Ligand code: NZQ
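Take a look at this single chain, the form predicted alone, given in structure tokens.
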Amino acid sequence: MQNFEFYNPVKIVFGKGQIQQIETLVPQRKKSMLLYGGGSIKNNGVYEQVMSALGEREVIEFGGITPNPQYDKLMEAVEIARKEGVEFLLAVGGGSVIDATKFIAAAINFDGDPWEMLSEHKRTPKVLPFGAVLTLPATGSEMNCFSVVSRGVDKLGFGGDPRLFAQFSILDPSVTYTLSERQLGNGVVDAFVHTIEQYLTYPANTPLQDRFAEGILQTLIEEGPKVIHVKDHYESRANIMWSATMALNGVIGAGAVHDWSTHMIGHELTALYGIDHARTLAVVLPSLLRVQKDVKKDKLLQFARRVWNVQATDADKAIEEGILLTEDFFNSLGVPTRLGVYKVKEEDIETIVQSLRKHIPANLGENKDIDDEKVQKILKLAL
């Protein structure tokens, strides 16, 4: 096991009807900004619950935050917050809204161009406190201190600063009843691949973390289809919501070896072709596992045996069966696993690789061995 530090101060308030807890969680006498996405919270009852719980507090609203939140839009919120003297932020939405709120919380007091916090990893002197109401389980942003912000085709990770943890996150599974099958399928896949990136590397004597990760993966496999095919099934949605949070709150990654190459390649597909983040992961992961089979062999075999209960005695056959079952699972959720579905062709691969190298010059993977040639091979296999 590697050396590690673990810190997670987020207060989780979980369950049906818990949005009302905003009444005691949001400061009474501080001017707050309510941040949300395209306005779905005004159609599904969440907005009314939030505003009722906020009561007589002074609240400024800022909507229109998109998936893969764009820097220029977020800077509009920053300018309003500065002008109005906002003291507390409340994110109501999925991972993109919470990601955006983290950036806004840091940018408000940054002296200079806040893009430098992403492009040059500069730190802000002060982060505004914020809380979250999660409406779409997927990214784990509600219980970690990381986010992703875009500016055109540049999609950069931001965070790692312990001041970027939410003070609280409210998780009410019943608010997911109005989500589309596409959103639900994406969320399950996102959580699945978050877990894989911290688990499918090489053995590092992390049996407890491995068992935690395998438990998350098995829960997603068992409960994921229910949220797609069983209407308003509270228990399955509760299990998916908590699994997605646990997949990226630091617990399973503590002391473990990480990869994240699937995410790095996937980010380029989103930036260049507008493909949903989770769908890029479903496309890249199976091919990446096949290309990296030799260096991931021990953990791939463990994954096939423990997670998918593959019984084949031949190691290579067992590994391939585990990968095929993973592909079948993604497809069963309505999330395709081939690049061709998105009209990406072989002649586009060089552009993708060049864009990746612009953002990440170093080789990818837990062994830093995924070079340009391997990225090209992964993408060709995914066609």
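Counting begins at 1, following the sequence as shown. These numbers were taken from a predicted model, which means no experiment stands behind them.
The same protein also has a form predicted in complex with ligand NZQ, omitted here; what follows describes it.
Peer 1: If we define contact as a non-hydrogen atom of the residue within 4.5 angstroms of the partner, is Val175 a contact of ligand NZQ in the predicted complex?
Peer 2: Val175: yes, in contact with ligand NZQ in the predicted complex.
Peer 1: So, in the predicted complex, is Leu136 in contact with ligand NZQ at a 4.5 angstroms heavy atom limit?
Peer 2: The answer is yes: Leu136 has a heavy atom within 4.5 Å of ligand NZQ.
Peer 1: Might Gly131 be said to contact ligand NZQ in the predicted complex, defining contact as any heavy atom within 4.5 Å?
Peer 2: Close contact is absent here: in the predicted complex, Gly131 is far from ligand NZQ, nothing within 4.5 Å, heavy atoms only.
Peer 1: Could you tell me if Lys296 has a non-hydrogen atom within 4.5 Å of ligand NZQ in the predicted complex?
Peer 2: Lys296 lies outside the contact set for ligand NZQ.
Peer 1: So which of Thr351, Asn331, Asn44, Ser52 reaches within 4.5 angstroms of ligand NZQ in the predicted complex, heavy atom to heavy atom?
Peer 2: Among Thr351, Asn331, Asn44, Ser52, a heavy atom within 4.5 Å of ligand NZQ in the predicted complex occurs only for Asn44.
Peer 1: Given that ligand NZQ is left out here, which of Ser169, Ser243, Asn144, Gln198 has a heavy atom within 4.5 Å of it in the predicted complex?
Peer 2: Going through each option in turn, the one that passes is Asn144.
Peer 1: Where does ligand NZQ sit in the predicted complex: which of 204-212, 286-294, 148-156, 223-231, heavy atoms within 4.5 Å?
Peer 2: That would be stretch 148-156.
Peer 1: Which residues from 62-89 come close to ligand NZQ in the predicted complex, meaning a heavy atom within 4.5 Å?
Peer 2: Heavy-atom contacts to ligand NZQ in the predicted complex: Ile65, Pro67, Asn68, Pro69.
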